[in-house]
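Encoded as structure tokens, the following chain is the form predicted alone, with no partner shown.
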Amino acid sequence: MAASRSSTPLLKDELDIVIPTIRNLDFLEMWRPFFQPYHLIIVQDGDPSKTIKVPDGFDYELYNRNDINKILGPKANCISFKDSACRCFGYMVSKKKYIFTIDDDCFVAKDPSGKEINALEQHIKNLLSPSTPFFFNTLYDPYCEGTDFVRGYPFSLREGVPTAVSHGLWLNIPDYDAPTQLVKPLERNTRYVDAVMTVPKGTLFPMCGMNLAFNRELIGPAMYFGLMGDGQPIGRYDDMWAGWCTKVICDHLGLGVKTGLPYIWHSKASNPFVNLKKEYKGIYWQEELIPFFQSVTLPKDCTTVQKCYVELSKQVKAKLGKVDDYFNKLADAMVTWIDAWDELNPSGSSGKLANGAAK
């Protein structure tokens, strides 16, 4: 069932909401009943001289490009400019255990009964319950109210594993690529599927960053949204890249990824012709990227997310550098990202977990 409003906000002091934006955040008014108790990290995309207005009553910090340059110095070149991929800077500067990130064109959705969906609360429920990546449960998430493990499910696997990522969905405007947008300009998603499921081990998925939550301590350093936007040959693959890297590392470390509930209302379709210019190289490249990630293996001595990510960067350079020189640049940026993460998050704090437990 869709999550309802809670009198006592879950994880109030353990979660940051990260929002990338280029505009005033009027959309927060409709989210006020659900978001106001939490701390917001706003990452301003584009012109740093522009003033972003935030509705009164929210606890927030706002970073623009000048702030990013000041905090990271030369390492700031790993953070994308003029692209929503800049949101990952918010992940890096957060000091909380959990992150929820949402786009500013995502509104409160309603379930089939007409009740407003508290997306954040449902994400938290997903993250606080285990995942089952090693054996698929045909009644989906067995830890949800009103369901359980079905007959034939091994008892040895029913404890599950820690959940690192909760991937939510969207009503109204689907998250389509440009070619699909062009051939289906009027298509809208009206199907509300009341289900959460674990993405099986060894299975990749297209991760959308506009309605996403994760355990920063378990997987944060892998949530790098790559080099996109200004000065880069590709865009709109920032969350895809992060999703592929994250899933490979979750599989290696024995962590879980869930997808399904909660839904948000995606209000605005982006321009498919602009999107096509951003995506066209990625549409070709992904035919080589997917087999690469499907075949990636990480050594046993990669016991932390950072070690996994640096190893992955080496494989990106060795194998994808042949596809285009962009991937050599991206591989270097992946290492810079980890260096910057460790600088802002010294050893012993977040991201230093091995297989869901402190190293």
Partner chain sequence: MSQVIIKDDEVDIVIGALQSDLTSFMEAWRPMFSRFHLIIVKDPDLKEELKVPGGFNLNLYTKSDMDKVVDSSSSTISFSGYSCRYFGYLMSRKKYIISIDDDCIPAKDSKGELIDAVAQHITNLTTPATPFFFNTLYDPFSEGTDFVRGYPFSLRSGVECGLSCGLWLNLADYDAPTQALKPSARNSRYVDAVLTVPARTMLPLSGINIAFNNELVGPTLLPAFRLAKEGKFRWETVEDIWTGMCAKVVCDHLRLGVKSGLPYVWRQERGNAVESLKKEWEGVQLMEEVVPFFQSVRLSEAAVTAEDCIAEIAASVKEQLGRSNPMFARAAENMVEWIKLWKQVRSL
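This is a predicted model, so every value here is computed, not measured. Positions refer to the first chain, counted from 1.
A second form of this protein, the form predicted together with its partner chain, is not displayed here; the remarks below concern that form.
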(request) Have a look at 202 to 210, 90 to 98, 71 to 79, 216 to 224 and name the one stretch with heavy atoms inside 4.5 Å of its partner chain in the model of the complex. (result) 202 to 210
(message) in the model of the complex, is there a heavy atom of its partner chain that lies within 4.5 Å of any heavy atom of Q232, even though the partner is absent here?
(response) no
(request) Answer yes if any heavy atom of H252 is within 4.5 Å of a heavy atom of its partner chain in the model of the complex; otherwise answer no. (result) no
(message) Check H167 for me: does it contact its partner chain in the model of the complex (non-hydrogen atoms, 4.5 angstroms)?
(response) yes
(request) Would you please decide whether E279 lies within 4.5 angstroms of its partner chain in the model of the complex, comparing each non-hydrogen atom pair? (result) yes
(message) For a quick test of understanding: in the model of the complex, does each of R158, P174 and M197 have a heavy atom within 4.5 Å of its partner chain?
(response) yes
(message) If the cut-off is 4.5 angstroms on heavy atoms, which of these, A318, I290, M30, I52, is the one near its partner chain in the model of the complex?
(response) I290
(message) Just to confirm, with a 4.5 Å cut-off on non-hydrogen atoms, which of V274, L182, V108, I283 contacts its partner chain in the model of the complex?
(response) I283
(request) For the heavy atom contacts within 4.5 Å of its partner chain in the model of the complex, list the residues of 141 to 161 involved, in sequence order. (result) C144, E145, G146, T147, D148, F149, V150, R151, G152, Y153, P154, F155, S156, R158
